[in-house]
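Presented as structure tokens, the chain that follows is alone, the form predicted alone.
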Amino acid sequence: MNEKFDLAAIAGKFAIDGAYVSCIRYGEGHINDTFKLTVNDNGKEVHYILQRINDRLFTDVDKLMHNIELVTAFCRKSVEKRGGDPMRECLTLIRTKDKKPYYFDGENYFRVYAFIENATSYQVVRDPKDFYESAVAFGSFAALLADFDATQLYEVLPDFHNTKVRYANFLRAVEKDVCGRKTEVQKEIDWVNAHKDLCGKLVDKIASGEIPLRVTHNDTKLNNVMLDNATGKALAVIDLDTVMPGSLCYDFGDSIRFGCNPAAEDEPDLSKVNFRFDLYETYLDGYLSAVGDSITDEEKKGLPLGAVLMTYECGMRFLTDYLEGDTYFRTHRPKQNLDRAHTQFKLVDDMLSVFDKMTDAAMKRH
């Protein structure tokens, strides 16, 4: 499986003490090639994460690694300042022997992180406690970076959560109708258009400064959180490839989008799809307990809006992709993207029906 890379030679390019032992495939990520690297350092096994960066998705690796360098260094200082253990509570980037953040072999880009020992990232929520701890992790991540100047970061995926741009892309897909699917999904098109006023609600607040520009993770799933094996408590946030300037409301909202729906994202039976308000409150408690006083009242008020907006945006993207012939999101069956759009639209309807209650729950918590 590893034959296309000389992993021992690649590992040797990084400032790692010890003799190479092994490098094996690790984790369940689909974007980068990830390996667990083991070296022997004076009789002790030491582990690292070695990754081949997917430069087809992240086309400017210098900008990608610039973001990761700045964010990991700032997190490290913040953890140290609060008396924590930076080797366990944030990612540690290992430089090459010539002090670069990545190694390029002429064809592929590689990077190395220190391995966070005695911790696990889970693919699925085992119980509500996991969801709570993921909220603590991302709230803590936001707090660690509260004083970071997000304008220093590049948009490695431009307009990623610019819902106005996403809506313009959707309208273009409707107009072109390259697959002749427009008539079939007119009801869904009408639904998106009926909710178009949502599109500018966060983007405009960020542009005006009403909501501050922050570092956002942009992939706030449970599998990007390391939980301590002994305590089950949140330790660190990983996978910083999509770290960009944005709003805390984006990260919070995307967590709610996928975490408060008990059904699969592509569930055809919409009777199984519903917004779990109890899980929303669970995540809200964890997030606000960790983010602390670094969140503004306007941001707190925007948290439920982030949940609605990220769900609306994601559903719109699924429908756009269906209209364009399923070219972006991987599908395994016909109309899977359409089913995905339906689940998101159902969740938006559910959230809007209790939106005042969502806002009250956010604002009454300290």
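In this text, the rigid core denotes the largest set of C-alpha atoms whose superposition between the two forms falls within 1.5 Å. It should be emphasised that the depicted structure is a prediction, and the values quoted were computed from it without experimental measurement. Numbering starts at 1 and follows the sequence shown.
As for the form predicted in complex with adenosine-5'-diphosphate, it is not shown, yet the points below apply to it.
Undergrad: Would residue 61 show up as a contact with adenosine-5'-diphosphate in the model of the complex if we use heavy atoms at 4.5 Å?
TA: No, residue 61 sits far enough from adenosine-5'-diphosphate in the model of the complex that none of its heavy atoms falls within 4.5 Å.
Undergrad: Can any non-hydrogen atom of residue 32 be found within 4.5 angstroms of adenosine-5'-diphosphate in the model of the complex?
TA: Within the cut-off, so yes.
Undergrad: Is residue 291 close to adenosine-5'-diphosphate in the model of the complex, meaning a heavy atom pair under 4.5 Å apart or at it?
TA: No - in the model of the complex, heavy atoms of residue 291 and adenosine-5'-diphosphate never come within 4.5 Å of each other.
Undergrad: Check residue 70 for me: does it contact adenosine-5'-diphosphate in the model of the complex (non-hydrogen atoms, 4.5 angstroms)?
TA: Answer no; every heavy atom of residue 70 is more than 4.5 Å from adenosine-5'-diphosphate in the model of the complex.
Undergrad: Select, from the options 195-203, 232-240, 76-84, 126-134, the stretch whose residues sit within 4.5 angstroms of adenosine-5'-diphosphate in the model of the complex by heavy atom distance.
TA: Only one stretch passes the 4.5 Å heavy-atom test: 232-240.
Undergrad: Within 4.5 Å of adenosine-5'-diphosphate in the model of the complex - does that hold for a heavy atom of every one of 26, 121 and 226?
TA: Yes.
Undergrad: Could you check which residue among 145, 153, 260, 114 gets a heavy atom within 4.5 Å of adenosine-5'-diphosphate in the model of the complex?
TA: Answer to the contact question: 114.
Undergrad: If you check 338, 305, 49, 39 against adenosine-5'-diphosphate in the model of the complex, which one has a heavy atom within 4.5 Å?
TA: Looking at the other structure, the residue within range turns out to be 49.
Undergrad: So that I can tell if residue 52 moves, could you say whether its C-alpha shifts by at least 2 Å between the shown form and the other one after the core superposition?
TA: True for residue 52: a C-alpha shift of 2 Å or more.
Undergrad: Superposing on the rigid core, does the Cα of residue 251 end up 2 Å or more away between the shown form and the other one?
TA: Comparing the forms between the shown form and the other one, which are aligned on their rigid core, residue 251 does not shift its C-alpha by 2 Å or more.
Undergrad: Please say whether, between the shown form and the other one, the C-alpha of residue 274 moves by 2 Å or more once the core is aligned.
TA: No, shifts by less than 2 Å.
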